[in-house]
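Only one chain is included here, represented as structure tokens and corresponding to the form predicted on its own.
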Amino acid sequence: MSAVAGAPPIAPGVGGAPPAEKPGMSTARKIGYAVLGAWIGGILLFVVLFGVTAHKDPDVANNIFSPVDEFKLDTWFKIGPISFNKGVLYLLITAGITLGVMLYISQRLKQRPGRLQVAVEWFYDFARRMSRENLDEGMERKYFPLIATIFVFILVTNLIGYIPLPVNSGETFKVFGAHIPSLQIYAADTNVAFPLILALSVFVLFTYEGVKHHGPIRYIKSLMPGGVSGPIVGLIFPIEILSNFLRLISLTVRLWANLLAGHLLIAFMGGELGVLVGLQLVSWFLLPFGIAIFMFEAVLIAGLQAFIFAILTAIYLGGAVESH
């Protein structure tokens, strides 16, 4: 054995051997530290420039400005009895996007689909499973198009509600003398009329199917849970009748309140709370939390609320024709 082969290994950095390279900081960590540094630096800068003393805007001090003003529907123009406002605009955009995508995909179906076709087919299969798991074959064939449409329509409505659009006619800026509405995030279902109409349509449909299948008297009796008899019927029966009508309220409020609360939180954390208290530092300090809430709402809540409304539609329709 040679002397070199039998020699003990040389430690890195000893005897002229190059030192071992230390693993560098990942790009994600560098970005994270940079963002954290900018946030902390911004806090210090706001303290130096504006201090920590509140200076309320006159509109805030005089209660002229209110955060809920951004959800008011100012009429832009009328065509006969129809008033056009940003709520109507969002619904038209939703209908245009939904129909446009579906028509585009239907005319370009391929054996090896692209990403858009894969997404549409996934939504189709997902809605199909919702229908099949809650409706019999005849009802599923009849109401699958409605359930799929509700799911996709609410989903698209919610998603575009997180895209800033120039719809805030209460706050405008000038471009070549024209008053352009300011950018704003707004969802059509933050106006209670939109989810109420959807919920009322579902309520009428499952009531119609129940009466058609059972007859008026038997349908009312079918609302009672199976196995309930005796004097307790006098207590349970009014509760079941009331709960049937409460479905209308629960469908409406669940969709409306979740979207409205989410948009209000984004607005507060994104700067409005600082405006209300008159302290710029608060707006900058809460900005990361506003971004986090925005991502949470856009990624999870938008799809979840569409799913809940669609699945409850299928459940209520299926339950209306069941016999207890």
Partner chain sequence: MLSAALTPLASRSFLITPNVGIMIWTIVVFAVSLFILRRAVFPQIGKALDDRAKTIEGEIDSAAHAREEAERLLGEYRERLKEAREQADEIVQRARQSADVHEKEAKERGRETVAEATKRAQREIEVATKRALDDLRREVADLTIMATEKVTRKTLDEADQRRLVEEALRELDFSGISSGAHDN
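Remember, predicted model here, so these are calculated numbers, not experimental data. Numbering follows the first chain given and starts at 1.
Just so it is clear, the following notes concern the form predicted in complex with the partner chain, a form of the same protein that is not shown.
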Are any of the heavy atoms in A261 no more than 4.5 Å from a heavy atom of the partner chain in the model of the complex?
no
Examine P145 and determine whether its closest non-hydrogen atom to the partner chain in the model of the complex is within 4.5 angstroms.
yes
So in the model of the complex, does any heavy atom of I160 sit within 4.5 Å of the partner chain?
no
Exercise: S243 in contact with the partner chain in the model of the complex, heavy atom 4.5 Å
no
Taking 4.5 angstroms as the heavy atom distance cut-off, pick the stretch from 161-169, 136-144, 174-182, 231-239 that is near the partner chain in the model of the complex.
136-144
Please identify the residue among I249, V204, I217, L109 with any heavy atom within 4.5 Å of the partner chain in the model of the complex.
L109
Please determine whether each residue of A257, F285 and Q305 possesses a non-hydrogen atom within 4.5 angstroms of the partner chain in the model of the complex.
no
Sequence-ordered list of residues in 108-124 near the partner chain in the model of the complex, where near means a heavy atom within 4.5 Å:
L109, K110, Q111, P113, Q117, V120, E121, F123, Y124
